[in-house]
Every structure is written in C-alpha cells, then in structure tokens.
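Take a look at this single chain in structure tokens; it is the form predicted on its own.
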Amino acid sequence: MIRKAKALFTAWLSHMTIYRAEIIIWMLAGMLPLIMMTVWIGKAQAEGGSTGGFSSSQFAAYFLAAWMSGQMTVAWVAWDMSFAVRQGTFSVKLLRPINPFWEYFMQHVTERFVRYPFVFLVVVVGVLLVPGTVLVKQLEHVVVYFFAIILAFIIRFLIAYCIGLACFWLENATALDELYFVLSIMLAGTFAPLEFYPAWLRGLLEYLPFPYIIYYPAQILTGQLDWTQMARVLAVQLLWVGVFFVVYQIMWRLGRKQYGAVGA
C-alpha cells in the first residue's frame, strides 16, 4: 500500500504541477468570501467602525481564514466520477488493483500542494491591505487548525464522492453536487459569520456538516474558540467522517452491482 500510495502521489503531483495555471483560474472562481469581506468591511465602516461586534480587521481575519479553508477543501470528484461512468472509462479503474477511491483522493491531495503557495500569497496580501488584521493570535491555533482543516477536507471529499457514486443510479449526478454547492455557500459561513444568522438556524447548523468545513476551521485559526470548543469541533468532525465513510461503503457495494459500463 505504501508503494501504491507513493506511485499515485508522484504521478498526480506531476500532473497537477503541469496544470497550475488552471488551478489559479479555479482559485479566482472561488473568490466569493473575499468579495463578501469587502462588503462587510464597508458596512462596519459605515456604522462607525464595527457591526454586530465585528470590526473591519475582524471581518478581514474571518473572511481570509474562511476563504483559505474553502480553498483547502475544494472537491470536484463528483464531476469526474459522473463523467467517467457516463463515458464508460470507469471500467478501466475497476480493473486496476486499487480502489478508485484512493486514486481520486490522491488527486485532490496533491492538488493542495500546488494550490497552497498561491493561497498563502493571497492571504498575506489581504492581511497587509486591511490595517490591524491579525489572522493568527497563537501558534497553538495553527496546529489545531491543521488537524481541523484535514478533517474538513475529508468530510468534503467523502460528501462529493458519495454524490459521485449516485451516478450508478442516476444519468448525471452533477446536479446534486451543484445543489450541495449552493447549500454550502449559504450554510457554511461563506456569506457571513454564523453570528449574523438567526438563532434557530444557527442551532440547526450545529447538527449539519456545513459549518465544520469552513466556519469552524476559520474560527479556530483566528483564535475565536477556547480549547473545549476546539475539542468539540474536532470530535464532531471525526463523527461526520465516520458517518460519510459508512455511507460511502454502502453506496460503493450497492453501486457496483448497478454499473453497466455505459459507453465503454
């Protein structure tokens, strides 16, 4: 397994390095949190320096952290799987001595290595543009964020993979992924910190995976959570990883029986 993982990592890292310009374009397509940052900063300045308890620098720190979290949890596997199943090329993957899950997973992991330097550059520029912005208050929060964002990425990948597996029953599963994308924009803290959401909605979101992918990792990085709260976030993230991994296993076993190699 180590040799297989090394081979997949090397192959996909070379592939992603070649397409780094395309990755930058996809980064530009995910600029909504930065756009919302300018909107909320403008609102805070119009109201005398703060709104809802957030100052301009606090808005900048939150949205930069949220954008970075979103960039680190991007997953497009549902689109790739839907295309492969419809074209019949998924048959080749089934013949290989390794579960296609790990090939898609390594494809996403290696893409992060190419994406992160550009993400880091944008975050640094954002911090410098807004006076007083402190993205990280303590080094300990960076360590916890590292584990939180890994779990957030796994959750997002498993959700996307399960959506991709739905193409065993549907002609095209990308519509489901688009629906998830819309819901995640509204419910993950991309438009605004969850402090601005109605109390009933925020209470409901505690039982959904959306805020644990973007909002809570951003809060951890910016030092807005204490150790008890951070431990709870990591525990809930692990729970969601377990839930979606079980869903993936069930869909994978049932889906293979439905696969008809259309277009092969």
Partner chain sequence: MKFTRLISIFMGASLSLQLEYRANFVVNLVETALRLLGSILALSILFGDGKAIAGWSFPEAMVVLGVFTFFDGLMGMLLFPNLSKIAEGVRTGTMDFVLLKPIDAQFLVSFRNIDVLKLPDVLLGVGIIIWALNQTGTSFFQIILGIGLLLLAYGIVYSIIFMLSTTAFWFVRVENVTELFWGVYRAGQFPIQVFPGWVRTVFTFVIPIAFITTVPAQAFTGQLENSSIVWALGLSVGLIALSRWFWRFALRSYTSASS
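Numbering follows the first chain given and starts at 1. Note that the structure is a prediction, hence the values are computed from the model and not measured.
One more form of this protein, predicted together with its partner chain, exists but is not displayed; see below.
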Taking 4.5 angstroms as the cut-off for heavy atoms, does residue 140 touch its partner chain in the model of the complex? no
Mark residue 191 yes when one of its heavy atoms lies within 4.5 Å of a heavy atom of its partner chain in the model of the complex, and no otherwise. yes
Can residue 226 be called a contact residue for its partner chain in the model of the complex at 4.5 Å between heavy atoms? no
Can you tell me if residue 234 lies within 4.5 angstroms of its partner chain in the model of the complex, counting non-hydrogen atoms only? no
So which of 64-72, 209-217, 234-242, 22-30 is the stretch with heavy atoms within 4.5 Å of its partner chain in the model of the complex? 22-30
Is it true that 105, 108 and 246, all three, sit within 4.5 Å of its partner chain in the model of the complex, judged by heavy atoms? no
Counting only heavy atoms, which residues in 47-67 are within 4.5 Å of its partner chain in the model of the complex? 47, 51
